[in-house]
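Next up is one chain by itself, shown in structure tokens, the form predicted alone.
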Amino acid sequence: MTDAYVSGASMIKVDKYYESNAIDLAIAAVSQLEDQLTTKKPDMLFLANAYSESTEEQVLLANKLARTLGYEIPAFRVESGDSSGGSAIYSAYLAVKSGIAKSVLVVGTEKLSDFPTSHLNDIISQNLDEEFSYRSGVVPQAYAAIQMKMYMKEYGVPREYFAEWPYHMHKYASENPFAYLKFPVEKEAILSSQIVSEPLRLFDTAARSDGASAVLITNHEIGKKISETPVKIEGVEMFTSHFDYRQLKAVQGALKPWREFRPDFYEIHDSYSVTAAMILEELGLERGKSLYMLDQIQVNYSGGLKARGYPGGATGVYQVAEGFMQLAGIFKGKRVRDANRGLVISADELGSVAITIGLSR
């Protein structure tokens, strides 16, 4: 089988776009790849989107995007909740590796800003089990709060421990021109922020908003023609499991093949501060102390979901685009030192689906 490469990537700033729909945002992201797409039209298109039925009353988005771009090619929408972006990358990777396609355009797009929080929570809660959670009025934040309480009890950490994550993410996001919450924040403000579900506070949650990102995945032959810095995809792994308060089993499964891989940096799915801690500990940091060790690891220099922003199903495409830009030396925010290898962990809201993507230059 041939190797697969990321040969181009783009994104728009994560923000609120009240005057644009999901296709408008996707077009804005894809237009930045005009030079590469003019040289070689993609053979296939995968569009990652999680919530368009509920947020825009729209389906068939992949077809609509392909038609708008003037492509008469196979076009698929990939829906896997907030892991849709990573799942779309996985699908494109398989298409290139198998030889079915030489060039695949992956686009993630999501609109989440048009509704009050109460209605958005109802939409996001559709990720939960229907009978015992969603129909009973449970929201994902309640699960994360219980997870946080159990973590605090097991490792004997104070509430202040979790402030380390948003503190660092906001510091990194303040350098990222594509970040939604592009400002640093003091720990006192984090610890006194609004309680969402005790002990979970506002700064422990990721900032959901609108966004779109595009990644061009090609074989080596096409990559050399359209990019000066194609980045090799070393592999993509996917694992699914049930939700567990004490472990992220899907993340554990998706990380197993990477034990010998030594990344210089990570982009992880930090939907909650406690989720970030649990993922870092699966990566090898000491359990119960990982958030005190953030100066020892290059992680989420984008600002992460916490501060770069959390555009639902588009998130995984952002993560891979940021990894590509770090390795190509063109990321406009905080740069990774000696960036030769990176690992992306894309997941759904509570980590029951995980996709890992290894990148190298």
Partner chain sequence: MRILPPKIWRNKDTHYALSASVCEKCGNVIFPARASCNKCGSFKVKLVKLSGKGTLLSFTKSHQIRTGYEKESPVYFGLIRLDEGIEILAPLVDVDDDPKDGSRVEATIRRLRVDSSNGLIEYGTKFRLIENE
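Numbering follows the first chain given and starts at 1. Bear in mind the structure is a predicted one, so any value in this text is a computation, not a measurement.
Heads up, the form predicted in complex with its partner chain isn't pictured, but that's what we're talking about next.
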In contact with its partner chain in the predicted complex (heavy atoms, 4.5 Å), from 183-191, 73-81, 143-151, 232-240, is stretch 143-151
Students should find that, of Leu94, Val139, Leu285, Val157, the residue having a non-hydrogen atom no more than 4.5 angstroms from its partner chain in the predicted complex is Val139
Answer key, its partner chain contact in the predicted complex at 4.5 Å (heavy atoms) among Lys256, Arg262, Lys224, His119: the residue is His119
Should Ser125 be classed as touching its partner chain in the predicted complex when contacts are defined as heavy atoms within 4.5 Å? yes
_in the predicted complex, Ile195 touching its partner chain (heavy atom, 4.5 Å)_ = yes
Original post:
Closest heavy atom of Ser133 to its partner chain in the predicted complex, within 4.5 Å or not?
Top reply: yes
Applying a 4.5 angstroms cut-off on non-hydrogen atoms, the residues of 233-248 near its partner chain in the predicted complex are His242, Tyr245, Arg246
